[in-house]
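Single chain ahead, by itself, as structure tokens, in the form predicted alone.
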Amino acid sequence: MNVDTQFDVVVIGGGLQGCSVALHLAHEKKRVLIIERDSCGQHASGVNAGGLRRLNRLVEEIPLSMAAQKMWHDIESLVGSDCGFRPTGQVRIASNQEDLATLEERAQKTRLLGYRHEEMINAEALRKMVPAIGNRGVGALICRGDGFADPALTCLAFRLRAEDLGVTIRQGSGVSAIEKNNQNWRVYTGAHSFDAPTIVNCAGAWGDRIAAMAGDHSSLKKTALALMVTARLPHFIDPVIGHASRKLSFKQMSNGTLVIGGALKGILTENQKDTLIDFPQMKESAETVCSFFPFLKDLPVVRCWAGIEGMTPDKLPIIGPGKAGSGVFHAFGFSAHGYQLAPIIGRVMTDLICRGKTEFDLEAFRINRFLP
């Protein structure tokens, strides 16, 4: 089997993380190839809820999330599109005093770490921010400047900008093997192979399999995360809504539809490449939304779907260099909260590859943290 082409970097996975890494590397004049088994953004990147939040982040992720949000507020300069970005804010509602104590504990935790982006508000301020909630909340934890964007539009924008910068993308090409070849890594895809001194594993829910091919052990579990979209209705809410203790997450899009999620699980098929909808869980989620906004009870749901995501045991992503050999880097396992991080992940990985360091502490994200 002959080597077809030589690149500086081969990125495995054409979702948002992969395209972000590729376009940042292209700015450094690197010749980059993206290899995508299916189509770019087909899985978690393109079918998530589009939430852009610093609110309630795992504390290890806060520095990355803060930097990413700055980039989202200027996303058009990076990818030539606003990606549907709407900085509407995000809100976690407290229904009772127990919820309120939980949120205050969270706010105090972030304050002690030196952050001020999360803010407690009382019931009166909540009603001003979300008038439609009426008296169904005693307060909330909010983050101004958070919001949402359109995942499909975002995936397209990142991919097109990467291609504009000279990145080569091979879709429909699954990686079958990776081996060391002198100073290069050789990546095999069926009848083709590609050489590069550096490979970046952005394979999402299949990142553990790619890592193993390069000699690195990781711990990852596939899961199907589900969403539903309603019919359109007149504008009634601005921020993204969540809850302190219940599975609630929804937003009203610019076209009037509601996108409803909140850690809803779909069903993985036996081959773990496709998903099915768990309709009883959809019903439960819809009832939760209606308990806070009763006037929505007759609003039709027009579409449901589920995407495949890779979850790590501690829900933190795997970011950084591999341990088994030089020239291998990983950015996968984002555990349902990688969408907002995508712009900064591209910059971080590019700094590691091109400069050998990054301004961020990646110790919590190292790939070998699950070894016994």
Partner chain sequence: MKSLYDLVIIGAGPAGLAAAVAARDFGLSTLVLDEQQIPGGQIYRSIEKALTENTPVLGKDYFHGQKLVERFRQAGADYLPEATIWDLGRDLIVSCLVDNQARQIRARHILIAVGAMERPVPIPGWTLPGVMGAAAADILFKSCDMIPEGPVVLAGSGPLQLLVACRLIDNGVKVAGMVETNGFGDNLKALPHFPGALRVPHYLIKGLSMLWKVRQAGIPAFRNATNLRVEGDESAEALCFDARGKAQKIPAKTILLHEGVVPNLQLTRLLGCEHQWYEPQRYWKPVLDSWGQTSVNGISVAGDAGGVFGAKTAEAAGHLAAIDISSRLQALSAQEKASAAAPLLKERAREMSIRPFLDTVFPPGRQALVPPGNETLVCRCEELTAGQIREAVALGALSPGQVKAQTRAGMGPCQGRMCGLTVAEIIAASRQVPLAEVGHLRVRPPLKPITLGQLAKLEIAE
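Numbering follows the first chain given and starts at 1. The shown structure was predicted, so the numbers you read here are calculated from the model rather than taken from an experiment.
The same protein also exists as the form predicted in complex with the partner chain; that form is not shown, yet it is the one meant from here on.
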{"item": "Proximity to the partner chain in the model of the complex (heavy atom, within 4.5 Å), stretch among 209-217, 155-163, 113-121, 92-100", "value": "155-163"}
{"item": "In the model of the complex, the residue from H235, K128, K283, H73 that sits within 4.5 Å of the partner chain by heavy atoms", "value": "K283"}
{"item": "One residue of T198, T275, S173, Q252 in contact with the partner chain, assessed in the model of the complex (non-hydrogen atom, 4.5 angstroms)", "value": "T275"}
{"item": "Triple contact flag R186, H192 and C202 to the partner chain in the model of the complex, non-hydrogen atom at 4.5 angstroms", "value": "no"}
{"item": "Touches the partner chain in the model of the complex: E287 (any heavy atom, 4.5 Å)", "value": "yes"}
{"item": "The partner chain contact in the model of the complex: K315, any heavy atom under 4.5 Å", "value": "no"}
{"item": "Distance check, S326 to the partner chain in the model of the complex, heavy atom within 4.5 Å", "value": "no"}
{"item": "Partner proximity in the model of the complex: R303 to the partner chain, non-hydrogen atom cutoff 4.5 Å", "value": "yes"}
